[in-house]
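We begin with a single chain expressed as structure tokens, specifically the form predicted on its own.
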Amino acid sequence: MRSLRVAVAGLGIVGSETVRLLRSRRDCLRRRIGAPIELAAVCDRRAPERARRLGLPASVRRLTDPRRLPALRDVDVFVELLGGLDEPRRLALACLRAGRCVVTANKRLLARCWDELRGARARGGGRLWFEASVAGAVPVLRAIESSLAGDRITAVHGILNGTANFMLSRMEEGLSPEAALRRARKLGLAEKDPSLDLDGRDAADKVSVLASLVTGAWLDPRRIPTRGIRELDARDIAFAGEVLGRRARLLGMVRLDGPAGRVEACVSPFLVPREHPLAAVRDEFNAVMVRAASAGELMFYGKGAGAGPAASAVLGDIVAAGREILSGKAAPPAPPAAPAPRPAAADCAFYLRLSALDRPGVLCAITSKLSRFGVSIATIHQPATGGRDACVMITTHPAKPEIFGRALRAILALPAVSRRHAVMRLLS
């Protein structure tokens, strides 16, 4: 019986768990694809040491240079879990140009090299699977690409970063941002350098993947307006819950404006109404809401952080790829590149927290700047502090993000206003 031969590049947390599951679930996987799955090779800078730790048999080749992988002609599926960008890019492009099958969990690779990968696939006839790149084991990408292929998707938005969501959940319980981050690190949910999570850049890469998949055209993550949770503190969380009846959630969003070809994409902390489904998503869980013209609104929910969810999604892609390969079906042709989407920005309401000198005329100067740019104020709240500085919390009526940004820059230029501030959008 023909077996499906797999090579795994990268034996870090996710790669090691993928290898473990491939071996421990070999009987179940064989029943699902109708043939045994054989681990043919692993590749890692510390491959000999990590292979011994995983108890791999001598029949599994151990490579330390990923550039040698595409030369393995007896491998059916190459699993890229190296991390970073340069080595994964070289490996994926080489395999796709040679007509090989690649499975990856690397959202950065997809977000930065979408057009290159599509072109390599179109020229070489290779196949690319990437379910684990967004929302861990939550099968949202497969639903968009397959289950909803006959529908018209108008919006995708949701919680895409489990680390940020875990921290916001702890802050709702009264922990400081620093204590929440320490807790996330202790549980293995945050990296030593958490900048990608705290600044929203990890979520922006995932929004890029979603937007590119939905539109067929690459949306550069560097063009996506991105704001993280680093500036939020206990005052914002408490005000959201006690005064506004909302919860803070870091959301990634893609909206399509029909045949006009305009795409709105952003990553930002949002204040979500308590009754909204996303308000109930806590800890390291992800949730993605997809709105389609015929199917209506669908919600996908599950753990988005951790080795287990990511490895589960990788295995799902290996099984899907294996069924296609063993059936003898040719890979479907890569769709032609769509015209580049035209950016758009829909109006939305904003929450703004400022720190300013507590003296006459300062609040008037702040509101005058908003008025000058045509930003209408919904509420103003100034809790008593007893010091020389005042905390001013403002919510606005819907305004264009670009106009609000100009007003904010003018406010922060006032001598009496500190540059320390927090901004969140209000989800309608």
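Predicted, not measured: the structure shown is a model, and the values here were computed from it. Numbers follow the displayed sequence, beginning with 1.
Unshown form predicted in complex with a small molecule; subsequent notes refer to it.
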- Query: Which residue among 354, 310, 159, 224 has a heavy atom within 4.5 angstroms of the small molecule in the predicted bound form?
  - Reply: 310
- Message: Going by heavy atom distances of 4.5 angstroms or less, which of 82, 250, 140, 204 would be at the interface with the small molecule in the predicted bound form?
- Response: 82
- Item | Interface stretch in the predicted bound form with the small molecule - options 364-372, 381-389, 31-39, 64-72, non-hydrogen atom within 4.5 Å | 64-72
- Query: Does residue 397 reach the small molecule in the predicted bound form if we count a contact as any heavy atom within 4.5 Å?
  - Reply: no
- Task: Classify residue 268 as contacting or not contacting the small molecule in the predicted bound form by the rule of any non-hydrogen atom within 4.5 angstroms, answering yes or no.
- Result: no
- Task: Give a yes/no on whether residue 405 approaches the small molecule to within 4.5 Å in the predicted bound form, heavy atoms considered.
- Result: no
- Message: residue 228 versus the small molecule, in the predicted bound form: is there a non-hydrogen atom within 4.5 Å?
- Response: no
